[in-house]
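Take a look at this single chain in C-alpha cells; it is the form predicted alone.
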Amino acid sequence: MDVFSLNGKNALIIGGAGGIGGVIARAYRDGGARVAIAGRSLSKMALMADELNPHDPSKAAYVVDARQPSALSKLAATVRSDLGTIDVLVNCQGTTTIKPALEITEDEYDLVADTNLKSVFFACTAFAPHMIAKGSGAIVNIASLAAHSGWSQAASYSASKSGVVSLTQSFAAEWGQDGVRVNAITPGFFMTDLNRSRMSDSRKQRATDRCAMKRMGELCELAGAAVYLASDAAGFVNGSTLRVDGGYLSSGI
C-alpha cells in the first residue's frame, strides 16, 4: 500500500485549522507528510500547529488572509524558504451566507466570492510555479455539492463553489503536461463550525432525509479522499471532482 503513502511530501493546507481542514491536516500527518497550515486566526493556528507538530520548533503555521493575492504570494515565498517546494496544496478556506438572494448585499456577496473563489485562484497560481518547475505536484480544492446544483438561499455560495470546480478543471488542463495534478472534493453534508449554527433544524433534517445513507457524514470520512488525491495512487487522476456525499446526489431530484 506504499502507493497511498505521503512519506517525504510537504503539504500545505490553507484553512487547516478548520473542521475539514483540520481532519485533512491530521490525515496527511498520519500518512507521513510534513504538514504546514495557513489561516486567518492566530489562536486557532497555534493550537493546531501544536497538535500537528509538537516536536517541531517552527510549528509550520502561517497567518494569512487568503482573500488578498499579495498575501498569498508572500506566503508562497515564505513557505518555500522554510520548507522547500510544496508537493501538496489543499485549498480548504471557505465561508457562506444563507439568506434569500434578494437580501444579499454587495459586501456579503464579495465576502463569499473572495473567500471561496478568488482565494483559490490566487493560491493555486502562487504555488503552482514551483510545482511546475519541479515537474510534479498535487492540488486539492474543497468545493461543495452546491457546485453541482444550486440551492435556495445559497446563491452566492453555490456560484463560488461552481467556480472552484471550473477552476480545478481549467488548471488541470493547463498544468497537467507539467506534472501538476489538480482535483476537487465536493463534500456532502457534514457538521462543521461553518454550518452548525447557520443551518436550521429543518434544513438539516431535509439533508439527512435525502441522503441515500440517511445521515450526515463524519468529518473523518473525508480523510481518505484527500489522502488518495494527494498520493501517488492518484497519479493519473487529474481534473476530477470526487463527491463524498453518502449518495446525496444519486438520490435524484
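What you see is a predicted model, and the numbers here were worked out from it, not measured in a lab. Start at 1 and count along the sequence shown; that's the residue number.
Form predicted in complex with a small molecule: not shown, discussed below.
Among heavy atoms of Thr192, some come within 4.5 Å of the small molecule in the model of the complex. Although the partner is absent here, Val64 sits close enough that one of its heavy atoms falls within 4.5 Å of the small molecule in the model of the complex.
In the model of the complex, Thr115 approaches the small molecule with a heavy atom inside 4.5 Å. Contact annotation: Gly239 falls outside 4.5 Å of the small molecule in the model of the complex, judged by heavy atom distances.
Contact check at 4.5 Å (heavy atoms) against the small molecule in the model of the complex: none of Leu12, Phe122 and Ser166 pass. From the list 76 to 84, 171 to 179, 142 to 150, 126 to 134, the contact stretch for the small molecule in the model of the complex under a 4.5 Å heavy atom rule is 142 to 150.
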